[in-house]
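First come two forms of one protein chain, each written alone as structure tokens, so that there is a structure 1 and a structure 2.
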Structure 1
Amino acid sequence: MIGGLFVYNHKGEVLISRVYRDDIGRNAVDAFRVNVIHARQQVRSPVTNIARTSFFHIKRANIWMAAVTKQNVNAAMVFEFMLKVIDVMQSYFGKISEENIKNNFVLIYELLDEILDFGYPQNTDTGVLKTFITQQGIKSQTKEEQAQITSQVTGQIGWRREGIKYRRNELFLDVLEYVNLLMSPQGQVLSAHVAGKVVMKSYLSGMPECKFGINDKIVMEAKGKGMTTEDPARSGKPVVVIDDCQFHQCVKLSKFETEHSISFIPPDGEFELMRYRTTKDISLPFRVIPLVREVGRTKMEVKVVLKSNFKQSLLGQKIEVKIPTPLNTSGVQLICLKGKAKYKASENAIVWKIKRMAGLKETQLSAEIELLETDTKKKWTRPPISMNFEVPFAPSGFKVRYLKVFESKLNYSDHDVIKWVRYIGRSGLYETRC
């Protein structure tokens, strides 16, 4: 029961304002601006309570989006909805920016009318929305087309229309993972988890039914019992322990619950098939070993060793290590064996960039930081060293075992479909304390 939805630019000017319920007054718009956007101290909580009204906000670039309610709503639902709104807008007009929002405000209001009704979220699937909310102006559709849209939107499979034809049946599967890590200076893992998703692009004819298999522990164990008594983990085939996962609406959940198999009729084009989270047996692609020495009050020495920890044949990319410097840094001298390092004053950090790095390698950076004496007695609270990277494997051990396509009516079989699978492991919040 969202009461209203507002979009602001970075100055706090209202770009979009849509109120769904009477309990939200016009002053709510100003309340959020005054108490959150223009707040003296930065508001870090995404949920703010002002005068018995809850404001949920997210920020994309310089754009603020806030959902308002006076009721006790499911906060996760509200955020999910807002992210969905962003997705929808992106698929309609690309990047979310003040310019784009101003140019498309009519469209946005139309979308908002459609996807939220009296504060209750409705169908937010882009594919469906695009069938009846178009950007091409008014084009009178034939009766048949209209009937088809109606039957699709109200029918059982709302996400795919009939009669799609491709000359080449192709399937792209991306496994995208974000590794999050917090490590102590001694190399002890304090917390680590992987948030992953499977993104699919399907260009298939007809109404194909797909079956997707992964190396999920439960499935593998069930299988292993059937064939051997051996523990599947020890049998050499790695399994992944999935903590929790969620699926696109096309996945038949009843089948997943009974047989633990993922079967679905895919929407046409790109969509996110599933999302999951793992916390066990994560292979950390990089290790950062910091060494900080304070030499007197005006000097400091920092040495950072970076080790790659994956197969030698693979290449890590876009590696960037960010080493925070004290607030009274007056000068930095740097030596690094690989890549480029630079002191960025605007961020109060040394940024060390390496384009490529193979597995099982080691490199290091040493820095000499000069400090200016200040009159504050406050000690510098050493923030952790953070890093970014991209590696061509899934750090959780997630594996696609198969993806089968069945289309009974049309004449093509599983073998005729060209399938592409790709693994990408990226850094989430990957930090090491120093």
Structure 2
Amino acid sequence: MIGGLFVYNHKGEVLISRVYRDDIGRNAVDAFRVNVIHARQQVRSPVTNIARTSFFHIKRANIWMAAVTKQNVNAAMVFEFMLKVIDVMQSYFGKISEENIKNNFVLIYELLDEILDFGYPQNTDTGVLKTFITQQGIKSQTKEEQAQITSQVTGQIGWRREGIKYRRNELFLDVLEYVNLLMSPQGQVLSAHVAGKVVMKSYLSGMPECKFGINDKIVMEAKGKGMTTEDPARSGKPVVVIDDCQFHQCVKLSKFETEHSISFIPPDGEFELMRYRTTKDISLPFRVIPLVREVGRTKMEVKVVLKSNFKQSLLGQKIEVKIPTPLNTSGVQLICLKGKAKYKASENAIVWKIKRMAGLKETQLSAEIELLETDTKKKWTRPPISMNFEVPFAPSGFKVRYLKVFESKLNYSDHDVIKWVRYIGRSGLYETRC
């Protein structure tokens, strides 16, 4: 529970002040200004305790937002709420700036009254708020509009309003995966996991129900309970093991547990349908093979071989390999078979960039590094070689089996909906020790 919410400019002047509980007084406003905004040393922690009062703050450009409480509250919940408040403000008047806050003074107080009640967060969904709070304030509603608002605020489908119509019904689905890897110089995988998410853009009329099926076989390992849907020998398709997953509130979880199909009424526009994490049977798109040889105290030879481990018909893009160099490097001679390589003294690294690379290909970079003689006997620690890339497939093996749309009231079927599915694999922290 939040006792008060304050918004300051860079000078420490209060722009918005809303107190929800009696235990927070005006002295709290001054305490935050003196101890955080005007502090002699920069305050790095986002949580500050002053006289048994907790101040949670975030900063956007030159604007400070502080939530104040004397209770023992969940810090993650407070920060999540403040970020939601920022999102709501941005959706109403764009950039968070002092001028915009002053121009929308009345609107912000209206929003704060709706989204926080006696210190408890309420409805922070922008779509729902926009149905009854407009730029000009609350308008007089017709009986139909009032009934619509009531059903959205209190009903089960708060994320979608009725009466949405499009000339062309379209559904875009992106499977985005981030591969994280730590590999030994000998090629042994020390740790690897994929963090993925399914992002959807829905432009559908009415109140459609969507069914979204993923791989024939999914093994859920949650809190020590394994759950299997099919016999892998019978399906003959790759097994995907999901360690944990999170769904958008629109997903009917009961159907997922029984049928392993994701059934939902989608919000209008773009939203994140699900997040998941997997650690087994990951298809690593690239392999980096490093060879570092120290020639005396003033010279070092580096050879890096890069191999692509995916289908020949696919293309990897935006490839960047960062090879660290010692601090006492004086000069670098580079030869690369593909792309462009450059030594960046500011980063103490050789940056090798390749625009595109097809599957099952191999290329290499050779470097001669000249070193300055130093008195220190400390050996170079050899930081890992890091890599960035983008590939057009899901490294975890995640596949969309089907995507169906049902709308009983309006006159369109699943065949009338244009659907697009795209897979994108990107590098997270992708490192190879050298």
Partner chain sequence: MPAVRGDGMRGLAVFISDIRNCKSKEAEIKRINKELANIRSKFKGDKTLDGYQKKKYVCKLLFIFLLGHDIDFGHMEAVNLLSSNKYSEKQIGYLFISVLVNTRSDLINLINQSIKNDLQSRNPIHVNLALQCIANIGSKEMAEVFGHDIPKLLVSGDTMDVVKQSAALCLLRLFRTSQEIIPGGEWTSRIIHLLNDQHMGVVTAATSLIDALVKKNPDEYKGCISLAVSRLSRIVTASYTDLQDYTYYFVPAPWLSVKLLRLLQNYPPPDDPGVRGRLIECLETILNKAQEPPKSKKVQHSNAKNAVLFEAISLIIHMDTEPNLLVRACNQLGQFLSNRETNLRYLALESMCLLATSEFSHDAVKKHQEVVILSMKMEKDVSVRQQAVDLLYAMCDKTNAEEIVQEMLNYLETADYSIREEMVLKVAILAEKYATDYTWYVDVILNLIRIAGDYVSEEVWYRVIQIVINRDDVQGYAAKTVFEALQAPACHENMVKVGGYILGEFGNLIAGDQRSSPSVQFQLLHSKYHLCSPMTRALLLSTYIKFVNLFPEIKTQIQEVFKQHSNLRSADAELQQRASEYLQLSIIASHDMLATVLEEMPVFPERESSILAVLKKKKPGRVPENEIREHKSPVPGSTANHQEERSAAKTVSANASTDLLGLSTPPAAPTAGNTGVLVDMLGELYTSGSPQPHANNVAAQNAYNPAKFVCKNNGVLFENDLIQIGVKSEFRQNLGRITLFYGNKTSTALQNFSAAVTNPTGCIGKLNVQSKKVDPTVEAGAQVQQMVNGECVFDYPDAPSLTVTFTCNGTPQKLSLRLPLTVNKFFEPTEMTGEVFFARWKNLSGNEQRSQKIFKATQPMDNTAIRTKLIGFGMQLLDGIDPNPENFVCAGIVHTSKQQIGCLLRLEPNKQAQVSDLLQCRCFFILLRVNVCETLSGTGH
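Every value quoted in this text rests on a predicted model; they were computed, and no experiment measured them. All residue numbers here refer to structure 1's sequence, counted from 1. In this text, rigid core is short for the largest set of C-alphas that superpose within 1.5 Å between two forms.
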Report task. Can you spot the form predicted on its own among structures 1 and 2? Result -> 2
Query raised in the report: Quick one: once the rigid core is lined up, does residue 351 have its C-alpha move by 2 Å or more between structures 1 and 2?
Result: no
Report task. Examine residue 119 after superposing the rigid core and state whether its CA is displaced by 2 Å or more between structures 1 and 2. Result -> yes
Query raised in the report: Once you line up the core, how about residue 106: does its CA shift reach 2 Å between structures 1 and 2?
Result: yes
Query raised in the report: Hey, core superposed, how many Å does residue 77 shift at the CA between structures 1 and 2?
Result: 4.9
Query raised in the report: By how many angstrom does residue 128 shift at its CA between structures 1 and 2 when the core is held fixed?
Result: 3.2
